[in-house]
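Quick setup: one chain, the form predicted on its own, written in structure tokens, and binding and motion questions come after.
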Amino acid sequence: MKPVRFEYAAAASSAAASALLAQVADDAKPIAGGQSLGPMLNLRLARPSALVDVSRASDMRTARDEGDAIFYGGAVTHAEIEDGDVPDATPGWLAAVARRIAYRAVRNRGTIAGSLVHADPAADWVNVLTALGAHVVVARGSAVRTVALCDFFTGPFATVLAHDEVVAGVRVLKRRATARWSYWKFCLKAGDFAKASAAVLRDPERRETRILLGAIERPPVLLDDPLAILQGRRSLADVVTQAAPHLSDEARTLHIAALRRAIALATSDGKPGGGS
């Protein structure tokens, strides 16, 4: 199948994209790499009356060092993160994650903001960047607001974005080599979306410990009392059941295993900053 008829406009900046979206119907959509929206258009699961192309928006195609964080423009691709074309706010963790997203053809086109806006609960950036405490910078015309990713997702494939707002970029705090990190996901085959995932962050310099349960058919969950979990004072089966009571027995077992693997990687005696 092919998409239904739609209007097309290209934006030179996130502010211009927001202005264009405000001028057309509420069902208009921004598009960059089109790796999620494109198939939905072809299958007619999405039928926007207009598309606003942000793939060449100048402020969304760059990354910049902001001192304690790196700002990634929303149209930065997975491949650019994988290849080191933009700085990594972490000791190589983002590049390692990007390398395992789908296939190279997808990574060449797919963008960091596109993944977050699509809000698939199993997507890598949805889970990884939430675990890292990232924030999205949302543009509406010349005004911007910053939203923590843990507050950005309102449900599966749903976010807080208004129809005329654009994710201009993502701000990720820098993590030093003293921090420990792990990300584990179970996939049926290489390139698939995760069936279960978990992430662990231990950053002594920032006095921060975070454990995330992902790919749970809804937005990822940051688990309560992460230190107790790491120290084995809470049953992983109880933790997963409390965080995601809707899961089937089979899915719960897989998520418990993902959480156990992530914890083992983050607490191993290997080099700080290691992970998978």
Partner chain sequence: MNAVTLRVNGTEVTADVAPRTHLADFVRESLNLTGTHLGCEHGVCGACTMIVDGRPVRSCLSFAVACSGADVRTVESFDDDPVMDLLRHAFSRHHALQCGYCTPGMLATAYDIVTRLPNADEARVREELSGNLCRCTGYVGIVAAIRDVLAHGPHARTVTTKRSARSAQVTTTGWNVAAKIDTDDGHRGRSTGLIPLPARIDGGITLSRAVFVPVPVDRLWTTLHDIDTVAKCLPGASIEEVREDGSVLGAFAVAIGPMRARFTGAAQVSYDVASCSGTVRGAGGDGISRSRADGVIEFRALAAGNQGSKLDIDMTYKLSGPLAQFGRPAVVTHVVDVLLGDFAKNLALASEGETVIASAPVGGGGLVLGTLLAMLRRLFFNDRT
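Numbering follows the first chain given and starts at 1. This one's a predicted model, so the numbers in the text were calculated from it and none came from an experiment.
There is another form of the same protein, the form predicted together with the partner chain; it is not shown, and what comes next is about it.
Segment that reaches the partner chain in the model of the complex - one of 98-106, 127-135, 167-175, 198-206, heavy atoms within 4.5 Å: Stretch 98-106 is the one.
Contact test in the model of the complex: C187 vs the partner chain, heavy atoms, 4.5 Å: No.
R233 within 4.5 Å of the partner chain in the model of the complex, heavy atoms: R233: no contact with the partner chain in the model of the complex.
Partner contact for L45 in the model of the complex: the partner chain, 4.5 angstroms, heavy atom: Output for L45 is yes: heavy atoms within 4.5 Å of the partner chain.
Distance check, R56 to the partner chain in the model of the complex, heavy atom within 4.5 Å: The answer is yes: R56 has a heavy atom within 4.5 Å of the partner chain.
Of A50, A69, A228, L222, the one that lies within 4.5 Å of the partner chain in the model of the complex (heavy atoms): None of the others qualify; the residue that does is A50.
Contact check for A16, R61 and P121 against the partner chain in the model of the complex, heavy atom at 4.5 Å: Verified in the model of the complex; spot residues all in contact, yes.
Sequence-ordered list of residues in 204-223 near the partner chain in the model of the complex, where near means a heavy atom within 4.5 Å: Heavy-atom contacts within 4.5 Å come from E217, R218.
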